[in-house]
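Here's a solo chain for you in structure tokens, the form predicted alone.
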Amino acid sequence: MQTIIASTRTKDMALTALFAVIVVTAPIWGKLIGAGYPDLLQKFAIFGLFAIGYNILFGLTGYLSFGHAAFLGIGSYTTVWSFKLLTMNAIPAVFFSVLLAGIFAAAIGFLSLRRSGIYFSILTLAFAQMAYNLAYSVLTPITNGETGLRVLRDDPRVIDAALGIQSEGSPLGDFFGLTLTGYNGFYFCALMLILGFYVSLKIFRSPFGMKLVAIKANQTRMEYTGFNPRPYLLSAFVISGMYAGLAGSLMALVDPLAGAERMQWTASGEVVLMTILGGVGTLFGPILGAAIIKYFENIFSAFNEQVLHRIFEFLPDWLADIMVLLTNPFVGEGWHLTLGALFMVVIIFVPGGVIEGFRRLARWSTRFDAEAAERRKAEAEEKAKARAARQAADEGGAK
């Protein structure tokens, strides 16, 4: 038993190390696909973290929330207020953002989890819209309404003032003196992403995670056995909300601005699409889904007719014009059509997401290799029989 546990821990550490290498080297391999600049890499990390947390709720329990954008906004507002009142250091901002998002998630989850299915989803959507409207209009002294909350030079920042730290120019978030802009900002977000992935991995492997999966499989049967799923569901909801708060905090770290638009229902719908596209209930699926959607949003949306003509310039002019005419509606402002088409293909043919597609390819490759090995074995046996028959015939002729 101890050997099995040790083996599992070793595999988990190896998996985390592999993931860390992929994330840290993103500026290198990102250039190969035109995504090596820091702003897009930061989005990969932030929304990957958001999707990881959402997958803990939706992927493990099956409870579909349409209100996680509320925690995203709470994390952003908390970070900006931490910058304004305390210090431009990222650590207090991240800590208070995660803490406050967890408190709000506990309150909203306590009420929403009284219902399940579509009723739970509608309740979370209602709470998110309430939070959005409060931030947009009612709580303008705290959120600055539609203008958004921004860090200013004359903000008190009592900790920085006590330490004699002064910001030159526009104040920017830092990590003990290291300004979190450009690649510095990406690597800080990458560190949070790696830590978030490791925590998610431990949750998936833990008895707590197995109980969540059992609730998803048959909650009614578990209740009949005397098991109370409410505390576990609420814990999953709070953990998921804290991940969203962390993602919102990172948004404000790399760009010290918080606006109500981050709490709109479309942001909640986006993380649902990311999780489903990559693979619900998988470790890497939500991260991959987040990267695909953000890549389409930032790369495909920048394509225009001139770019398409350069792409198809190797073709004859008449054929290049036809290809540009056919592909132009799917790029630029129409990039959503490409994403929608991809989403339809995934849902119809690989409902388990992109990860399931990779698994099917791996199974087909393995089966193809096995069939090829069987054919080679059969051919070798036939050749051996033929040689044995010729040898027997030669011996009979000699006699």
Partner chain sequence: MEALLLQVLNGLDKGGAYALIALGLTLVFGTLGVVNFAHGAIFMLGAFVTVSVQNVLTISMRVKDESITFFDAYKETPYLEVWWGDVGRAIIDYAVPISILVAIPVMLLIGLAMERGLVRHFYKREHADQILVTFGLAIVLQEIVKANFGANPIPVPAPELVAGSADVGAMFGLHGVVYPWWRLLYLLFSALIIGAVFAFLHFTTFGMVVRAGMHDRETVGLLGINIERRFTIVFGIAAVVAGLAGVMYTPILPPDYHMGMDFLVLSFVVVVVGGMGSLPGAVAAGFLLGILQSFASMNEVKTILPGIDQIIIYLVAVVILLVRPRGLMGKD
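This structure is a prediction, so every number in the text was calculated from the model and none was measured. Between two forms, the rigid core is the largest collection of C-alphas that superpose within 1.5 Å. Residue numbers count along the first chain shown, from 1.
Missing here is the form predicted in complex with its partner chain; even so, the following discussion is about that form.
In the predicted bound form, does each residue in the set Ala26, Tyr187 and Phe197 place a non-hydrogen atom within 4.5 angstroms of its partner chain? Looking in the predicted bound form, the three residues Ala26, Tyr187 and Phe197 all stay beyond 4.5 Å of its partner chain (heavy atoms).
Going by heavy atom distances of 4.5 angstroms or less, which of Val307, Ala106, Leu315, Met130 would be at the interface with its partner chain in the predicted bound form? The residue in contact is Met130.
Please tell me which of Tyr119, Phe95, Phe296, Tyr183 lies within 4.5 Å of its partner chain in the predicted bound form, judged by heavy atoms. Selected option: Tyr119.
Exercise: Gly340 in contact with its partner chain in the predicted bound form, heavy atom 4.5 Å: Judged by the heavy-atom cut-off of 4.5 Å, Gly340 is in contact with its partner chain in the predicted bound form.
Distance check, Gly34 to its partner chain in the predicted bound form, heavy atom within 4.5 Å: No, Gly34 stays farther than 4.5 Å from its partner chain in the predicted bound form.
I'd like to know whether Arg114 contacts its partner chain in the predicted bound form, with contact meaning heavy atoms within 4.5 angstroms. Because a heavy atom of Arg114 falls inside 4.5 Å of its partner chain in the predicted bound form, the answer is yes.
Would you check, heavy atoms only and a 4.5 Å threshold, whether Arg359 touches its partner chain in the predicted bound form? Flag for Arg359 set to no.
Heavy atoms, 4.5 Å, its partner chain in the predicted bound form: which of 248-256, 74-82, 266-274, 143-151 makes the cut? Say which one. Result of the contact check: 266-274.
Taking heavy atoms and a 4.5 Å limit, what residues of 329-348 are near its partner chain in the predicted bound form? Glu333, His336, Leu337, Gly340, Ala341, Phe343, Met344, Ile347, Ile348 sit within 4.5 Å of the partner.
Once you overlay the rigid core, does the Cα of Val346 travel 2 Å or further between the shown form and the other one? Val346: C-alpha displaced by 2 Å or more between the shown form and the other one.
Using the rigid core as the reference frame, would you say Lys31 shifts its C-alpha by 2 Å or more between the shown form and the other one? After core superposition, the displacement of the Lys31 C-alpha between the shown form and the other one stays below 2 Å, so no.
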